[in-house]
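The data below hold one chain only, encoded as C-alpha cells and taken in the form predicted on its own.
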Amino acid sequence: MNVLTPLHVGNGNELTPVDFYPRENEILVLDVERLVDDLQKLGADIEEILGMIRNPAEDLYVWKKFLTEYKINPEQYAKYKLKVRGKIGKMSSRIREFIKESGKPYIPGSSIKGAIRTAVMYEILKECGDTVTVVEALKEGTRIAGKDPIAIQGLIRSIEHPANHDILDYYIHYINMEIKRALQRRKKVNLKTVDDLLEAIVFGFDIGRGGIRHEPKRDPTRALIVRDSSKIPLNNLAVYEVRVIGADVNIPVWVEALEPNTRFNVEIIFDKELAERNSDYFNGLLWHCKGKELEEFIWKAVEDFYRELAKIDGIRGSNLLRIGWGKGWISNTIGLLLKRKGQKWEQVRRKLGLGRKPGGKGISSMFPKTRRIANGMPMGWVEI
C-alpha cells in the first residue's frame, strides 16, 4: 500500500509534554525512566522531579530546567524523534501515539478489513437492499440457521410494511423505535450498537431470545483474511497538527501519522476453500445476493465506495481505500445512502444528536459539517 495523505492508527495512548522534548520543527520522544534515573544519580531531587511531572511548567520545556542545570543533551535520551508538520501547541498539548510493535509502526489487519467491510455493506444495500430481496434472504437465512421461521415473523412483517421501499426505510424506522425506548428508560441511544441489527441482516446471523444477532461464523467475509502490515521504519512517521475545518470552535489535535508516499506491505487473501467449505453455513443478505461471486463483489464494492468518497475529498487515483483515524462519519458508515432518504433520515439524525454544536447549542443544519485536515490534506487515504 502507498500512503496518499497523513494516516493515523492509534494505540489508545497519548504522549504528554512530560514524554517529549520539542525542538525547532521536531520533537524528541524521551526515555523518561532512564532520564529520571540518571538525574537522580547526578544529584537531582526526586521529589522536585516528581512534583514537576505532576504539575508541569507553563511551557513545553518541562525538562529544560534539569537539562540545563546538569548539562544534559536531550538527544541522548531520545527513543525516537519526529518531524512536526504544523505547530506544536502549549503545555496542554498531547500527541496521539501511533500503534507500534517492537517500537515500529504497523497497520493492523483489522483496520483494513473494517474499511473493506464498510464498503461491502454500502454496496450490498445499494444493490440488494430492496424489501423483496431482504425478506427472501432472511427466510433463507433462518432455514440455514436451523430455526423456526416464526422466530422472525415480527421482523419480516415490519420490513414488509408498505411504507418501506427498502431495508434502509425499515432501518430508519428501527432507529426511531430505539430512540423512543431509550427515552422511556431515560437513556441515550447507544450509537455503537444501533447498527448491530443491520450488520446481522447483511453479513450473517443466528437467532436467540432477543431476536437475530450477528454471528461471525455465518459471515462470509470470514474468507477475507487481512494480515497485519509489515513493520514500517520510524522515519516515515511525523507529528501532524490536525485542524477541524467547519467547526465553530477550532481546537487542533496532534497525532503521530505516516507521511504521504510511505509504502508498506499487507497480505490480503480470499480463502476460496474456506468459502466453499462453509457455503451451506453462511447466511445473510450478502451471501444470499452474491454467493459465489463474493470475491469479485468485494473488490467492486471497494472500488465503487471509495471512488465516490474520493470525489468529495478531491483525491485522485484508483484502487483507493481510506483507513485509520479522522476519516469522518461518511467514510465510517453507510451515511451516503442514508442521506439520500432526505427528511426521513434528517429527522432521525437530529434526534440522535449527530451534528450537535459544541456546548449543546443545538443541532447543525448541515451534517457532516466538519472535516479533519492535516497539513492541508484529508486524513487516511491510501492506494492499494
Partner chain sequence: MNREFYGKVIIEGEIEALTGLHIGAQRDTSEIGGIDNPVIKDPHTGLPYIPGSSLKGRLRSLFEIYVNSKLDELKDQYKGLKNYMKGSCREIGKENCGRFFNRELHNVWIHVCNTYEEARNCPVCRLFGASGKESNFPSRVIVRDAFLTEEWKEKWRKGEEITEAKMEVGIDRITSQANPRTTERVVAGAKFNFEIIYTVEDLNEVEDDLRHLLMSMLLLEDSYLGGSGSRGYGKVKFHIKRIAFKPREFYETGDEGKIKSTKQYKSVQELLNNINDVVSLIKPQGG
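If you're wondering where the values come from, they're calculated on a predicted model, not measured in any experiment. Residue numbers count along the first chain shown, from 1.
The form predicted in complex with the partner chain is left out here; the points below concern that form.
Among residues of the shown chain, residue 70 is not one whose heavy atoms approach the partner chain to within 4.5 Å in the predicted complex. Mapping the unseen interface onto this chain, residue 295 falls outside it, with no heavy atom inside 4.5 Å of the partner chain in the predicted complex. Among heavy atoms of residue 35, none comes within 4.5 Å of the partner chain in the predicted complex.
For the chain shown alone, residue 108 is a contact residue for the partner chain in the predicted complex, at least one non-hydrogen atom being within 4.5 angstroms.
Only one of 171-179, 253-261, 237-245, 77-85 places residue heavy atoms within 4.5 angstroms of the partner chain in the predicted complex, namely 171-179. 338 is the sole member of 338, 28, 323, 320 with a non-hydrogen atom lying within 4.5 angstroms of the partner chain in the predicted complex. Note on the partner interface in the predicted complex: the residue among 231, 139, 147, 94 having a heavy atom within 4.5 angstroms of the partner chain is 231. Shown without its partner, the chain has 99, 100, 101, 102, 106, 108, 109, 110, 113, 114, 117, 118, 121 in segment 98-130 as residues with a non-hydrogen atom within 4.5 angstroms of the partner chain in the predicted complex.
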